[in-house]
Ligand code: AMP
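Before any questions on how it binds or moves, here is one chain, the form predicted alone, in structure tokens.
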Amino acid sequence: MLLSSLNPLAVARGDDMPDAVRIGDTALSRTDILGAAGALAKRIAGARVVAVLADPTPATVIAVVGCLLAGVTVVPVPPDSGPAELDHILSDSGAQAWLGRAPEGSALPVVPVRVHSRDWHSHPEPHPSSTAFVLYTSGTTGPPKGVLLSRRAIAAGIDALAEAWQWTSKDVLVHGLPLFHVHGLILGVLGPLRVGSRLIHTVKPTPQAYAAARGSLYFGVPTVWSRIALDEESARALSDARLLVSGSAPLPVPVFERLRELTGLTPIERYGMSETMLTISTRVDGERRPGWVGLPVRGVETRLRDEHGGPVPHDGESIGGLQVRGATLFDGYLNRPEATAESWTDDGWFKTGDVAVIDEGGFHRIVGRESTDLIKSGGYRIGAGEVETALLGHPGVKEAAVVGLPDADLGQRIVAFVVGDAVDEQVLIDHVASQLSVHKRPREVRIVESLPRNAMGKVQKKLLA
């Protein structure tokens, strides 16, 4: 049962935790969450789908838990959604109402979320296969697709990571990530509720806020960790933590090494996506290798396939399309049967669209998206991430993104977009050629002021290409 074990929520009053969830300056006890969510669940019982404008507030936590109690599917909506994106999400999901704050101009009815309401009525546990969330993808290849995540998949995903990271009720999780993705909401809010640990959400993931929280377990994306690595005082304040976890994009090796130097902790890296939840991770009791995301978590299998569907050797060098199957996977795209069918192989594996390398011991390195990070140049298959890592090893480079652009001679030429101070294009090209095979060097370097990123800090390479 998701909620009865997803908690701190269903506990005896005497076992209450007064600061189970702290968001900014507001603390909620387990009793606060259960009572307010119970009151909301009573009011929305019988609804099918509702939307939540996923601000980092106590009301968002109570809205989500209330939906889980009532068995109502919830659609977390990014607070900064533009009008077209908002209209698409609401119409595609069939949301019947907003819970809590609604964006200006929305015609949907609003159900208030009353943080101080209390109701202890019990609710029957929905079937494990029922849809808990519709999470919308970033929409890089068209309108965002609604990813259907079941209660069963969510429970399996959280439990597998709790095992891999030895995450227990003694931990204090700290993060400031958005609450409309797997990383920030499902793992970052439902995770501590299910495990029984405390959560401190810093609202914004600044180095100073992370340092002040004094947690044992920290979640961040590479942009967050890069900023912390540049703030020596804040980084050293994390030395008493147990784990630093990075995800949503590859953690640059120089940042990995700097964090280890300043904190004495070796970061945990992991891989996942909305459709699969978090399926690969380094383990608290295993090897943590810069640039590699580790092994499949419990209940998950992976494999690599070439463009013809054939197996790719696990030799630590050969690049192939990453395919996944297991208990954490989604149930398809809402209203998109063709897209759902295209995402699965005939023998039941989900095609992630990412390309990866697996070594002889089963360790995974994510190269990136097949559409933007696998560059075919002069007959070679080159991973953009490897070139980016080499560029970031140059002291003048702050950020780097590498893409393949059409080339009449090579098929694709490697082009690097670099943020840095007083860097010379040819010096950077020669630097990469000295670190990697010569054919992996950029043919062109463009110095830019910033790289386009989404809310989770991922570089939007299609805007560069």
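Note that residue numbering follows the sequence shown and begins at 1. Predicted, not measured: the structure shown is a model, and the values here were computed from it.
Although not depicted, the form predicted in complex with ligand AMP is the subject of the following passage.
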Every residue in His123, Pro192 and Arg198 with a non-hydrogen atom within 4.5 Å of ligand AMP in the predicted complex? no
Among 252-260, 229-237, 106-114, 272-280, which stretch sits within 4.5 Å of ligand AMP in the predicted complex, heavy atoms only? 272-280
Among the candidates His394, Arg242, Arg288, Arg381, the residue which, in the predicted complex, approaches ligand AMP to within 4.5 Å (heavy atoms): Arg381
Val134, Ala153, Leu161, Val293: which sits within 4.5 Å of ligand AMP in the predicted complex by any heavy atom? Val293
Give a yes/no on whether Ile366 approaches ligand AMP to within 4.5 Å in the predicted complex, heavy atoms considered. yes
Partner proximity in the predicted complex: Ser248 to ligand AMP, non-hydrogen atom cutoff 4.5 Å: yes
4.5 Å heavy atom contact, Arg214 to ligand AMP in the predicted complex: no
Taking the shortest heavy atom distance, is Glu85 within 4.5 Å of ligand AMP in the predicted complex? no
Check Tyr380 against Gly309 at the C-alpha atoms and report closer or farther in the predicted complex, compared with the shown form; the change is 3 Å or more. farther
Taking the shown form as reference, the Cα pair Ile375 and Met273 shifts by 3 Å or more in the predicted complex and sits closer
